[in-house]
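Coming up are structure 1 and structure 2: the same protein chain in two forms, each one given alone as structure tokens.
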Structure 1
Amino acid sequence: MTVSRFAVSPRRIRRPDAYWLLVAPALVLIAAFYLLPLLGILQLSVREFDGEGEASVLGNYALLFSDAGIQRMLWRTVRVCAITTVLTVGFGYVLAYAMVTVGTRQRAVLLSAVLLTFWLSVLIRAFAWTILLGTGGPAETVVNALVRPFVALGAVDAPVRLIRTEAGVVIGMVHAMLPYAVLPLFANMRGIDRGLVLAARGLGATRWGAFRRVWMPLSMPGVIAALILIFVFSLGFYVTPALLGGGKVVMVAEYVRISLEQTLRWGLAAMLASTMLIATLALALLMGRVVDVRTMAGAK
């Protein structure tokens, strides 16, 4: 009997206990400061009924189908988030495509410009937009100058206001969300074999035909991932809609704050927060079925 007979291949050595010890502190923190408060919110949403009539377990959730004010607020939130998502991914797609196709030096400049926005607080950027879009601001002046012919025809009411309108909120949110669309799109496009486009051109396809038939289908997983990511982030956006909306464009995050601090309808606020969480989880599951999340996150 030799020693080699009892030797164990390194591949067969498994040390799951060591891995669990490494992640255990993070799991304890998540359970203590995230899962337990989350359970408290879910319990609050079914325990305190803030509507009219007889209290019931799911009474707050029934308000989603019976309260016209809540339905208008939710529809406004979905509408603003959808417009923001489409515009952000559209601009992000063009910018990501440019970053992939330009040279190394130009790509570094563009990537730095995108990442620079992370260095500025969302609050500072929102305040900057209040100045640009405010009454008499440069953006409002330019827009009113452009629509003056349409005002003369009676097609547009003058003057056009950007601050405290949905248009102003969308502009600020698109600016804030753009880097979150560019980065996953850029990661997806970097993985596309550009030789396939050249092969299509070699077989007689035009530049637009090669882009439409080869590049766009291959980039669709990144587009879908960016659409879902931006929409989920937009649902919980608070600072920009609160500042640029000025109380006239109230979305769900601001409505939750008002319910907590002003109207003291904590059960309603907990129900809205829980509904947002459920919607976010559903969209995350949908994204997991459409794209490889581990590849998008760089895990493999």
Structure 2
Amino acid sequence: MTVSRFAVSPRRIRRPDAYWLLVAPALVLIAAFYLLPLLGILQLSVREFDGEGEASVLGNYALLFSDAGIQRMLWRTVRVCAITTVLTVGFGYVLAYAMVTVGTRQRAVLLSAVLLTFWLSVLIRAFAWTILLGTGGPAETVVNALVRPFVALGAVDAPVRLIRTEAGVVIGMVHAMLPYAVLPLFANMRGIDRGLVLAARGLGATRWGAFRRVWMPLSMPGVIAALILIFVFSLGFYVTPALLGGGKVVMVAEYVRISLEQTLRWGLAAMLASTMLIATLALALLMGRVVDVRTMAGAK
């Protein structure tokens, strides 16, 4: 044991240099094609002021605090993304749990169902939802049959519309995001030693108690990773809100597109993009504090 350890350690010292040489071309490429344009965007966000009034260095960023329209749009984005994230991870957790507990054949069926949606284009899925959620479509019929008692009580306006509403956008986004939640959760849960749950049961824990006190804490890193991953992905969503939102659910990605393509407010677009970037970085930092990123990424 001791001998082999000594034999390994000198090599360990030399290794990093060789690794850096291998990684260097990729780093240079990233710097040239990713970081430089990114800096350009940041620069554009302070250089070009598009609002009304006095131009100042942070004029575009001041709009975040002064422009009610932009504030409402950002809150809508955060709200829709938060609801989507919670629902997606909730469904994803159940699905991933089912996948680790069922037999091999059922697991293959579940996995292929998840992967199938993963491989389909977001555009096609959004269009499929416009048919499913459409006026007089199957989803609307079912939902309206379910809420009929509440309509009688006056609690719900009839008939309930799904397409071109925020609810429709959330449904479409949850569906699009589900694989991104299931796959990391599944990977995480497969790593959990199920013998621990059996041991807890053997020591007298109830089924629910063993799940709550052993399984849930062990699966938490996966849940938190999935929450942050889904939230960050949702922030950039464009196609689904544009198609299912009926033009009324304008989120930040579409706002940026309009500013870039139509109204030529590039400074505003760059500011919003930079704000999203900063928010994402902050979330990543937060994730680093809550969970061990290296464990999650499989580096340890």
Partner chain sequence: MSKPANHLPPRASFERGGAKRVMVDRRSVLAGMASLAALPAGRAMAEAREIVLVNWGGDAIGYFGEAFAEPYEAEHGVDVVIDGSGPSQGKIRNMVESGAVTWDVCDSGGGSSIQLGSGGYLREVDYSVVDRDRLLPGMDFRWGVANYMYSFVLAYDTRAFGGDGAPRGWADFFNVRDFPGTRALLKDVLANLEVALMGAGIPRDEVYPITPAKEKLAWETIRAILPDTVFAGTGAEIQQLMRNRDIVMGCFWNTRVKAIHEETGGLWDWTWNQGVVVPGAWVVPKGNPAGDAVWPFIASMQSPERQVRLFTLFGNAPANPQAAALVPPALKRFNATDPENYARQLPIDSAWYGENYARINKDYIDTISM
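Numbers given to residues start at 1 and step along the sequence of structure 1. Because the structure is a prediction, the values reported are computed rather than measured. Under this definition, the rigid core comprises the largest set of C-alpha atoms superposing within 1.5 Å between the forms.
Colleague: Between the first and the second structure, which is the form predicted together with its partner chain?
Modeller: That would be structure 2.
Colleague: Using a superposition on the rigid core, decide whether the Cα position of A26 changes by 2 angstroms or more between structure 1 and structure 2.
Modeller: Passes the 2 Å threshold, so yes.
Colleague: Spell out whether the Cα of L35 moves at least 2 Å between structure 1 and structure 2 when the two forms are superposed on their rigid core.
Modeller: Yes; that C-alpha moves by at least 2 Å between structure 1 and structure 2.
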